[in-house]
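So this first bit is one chain, no partners, the form predicted on its own, shown in structure tokens.
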Amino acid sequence: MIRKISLFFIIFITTSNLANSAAQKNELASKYEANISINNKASLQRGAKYFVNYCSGCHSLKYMRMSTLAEDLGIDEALFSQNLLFNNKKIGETMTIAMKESDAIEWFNAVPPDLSLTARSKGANYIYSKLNTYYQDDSSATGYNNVALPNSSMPNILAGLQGERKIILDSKENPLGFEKVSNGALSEIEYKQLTNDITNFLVYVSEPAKLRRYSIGFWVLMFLFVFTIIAYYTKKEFWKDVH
């Protein structure tokens, strides 16, 4: 009986420590909040460029058709084809990738997920925090770890832009922040802008129709406003003789 009670307390304490550690990591990740505006076409255009250049080698957007993307973002199709199309793809196709699943499992031990709906399923802040919370970890196969997604098999593809960092831990091994080891090609502000643009782009990709709904919604509200004024004065005109 005593052994069972002791075992219970050991498991309880271990579980509590793991939960506290996860909470600390989530708290650090929660400090990174994205500034999203899908009406900012310049941001969406930059985000599309960054995604194609840094992310599309592994991650697909299988529900996003490139012709729709070009139209929504105000990019001429010839210019889009020249700068954002690779692997002999045509602009009418969706944004799939050439990587085979067998190769992905061999290289990363997992198949990189399609990101079409990630912003809807996990939220913009998750994407933004993940892109901003990589740090060096020699025990990891990729040499990096991530606060937002611990033990991620995804390498830090933006390390050259952000620079190398180590994580700062307290006496209980809880993360407090990051210490810069080396500078990247971008300043901290520039890097955060880049990752915010990628996040903004993925938010748009998760629901492209939202752009059209916003524009249509404005004119619907304007119509209702004008119609209300007309209806009010029409009612006054019809009812003025009743009183």
Ligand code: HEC
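In this text, residue numbers run from 1 along the sequence as written. Keep in mind the model is a prediction, meaning the values are calculated, not measured.
Omitted from view is the form predicted together with the ligand, to which the following refers.
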item: Residue 113, heavy atom within 4.5 angstroms of the ligand in the predicted bound form; value: yes
item: 4.5 Å heavy atom contact, residue 149 and the ligand in the predicted bound form; value: yes
item: Contact test in the predicted bound form: residue 65 vs the ligand, heavy atoms, 4.5 Å; value: no
item: Heavy atom of residue 48 within 4.5 Å of the ligand in the predicted bound form; value: no
item: Heavy atom distance at most 4.5 Å to the ligand in the predicted bound form, all of 122, 154 and 158; value: yes
item: Listed range touching the ligand, judged in the predicted bound form by heavy atoms within 4.5 Å, from 203 to 211, 33 to 41, 179 to 187, 48 to 56; value: 48 to 56
item: Listed residue that, although the ligand is not shown, lies within 4.5 Å of it in the predicted bound form (heavy atoms), from 69, 29, 61, 198; value: 198
item: Stretch 125 to 149 - residues with a heavy atom within 4.5 Å of the ligand in the predicted bound form; value: 126, 127, 130, 131, 149
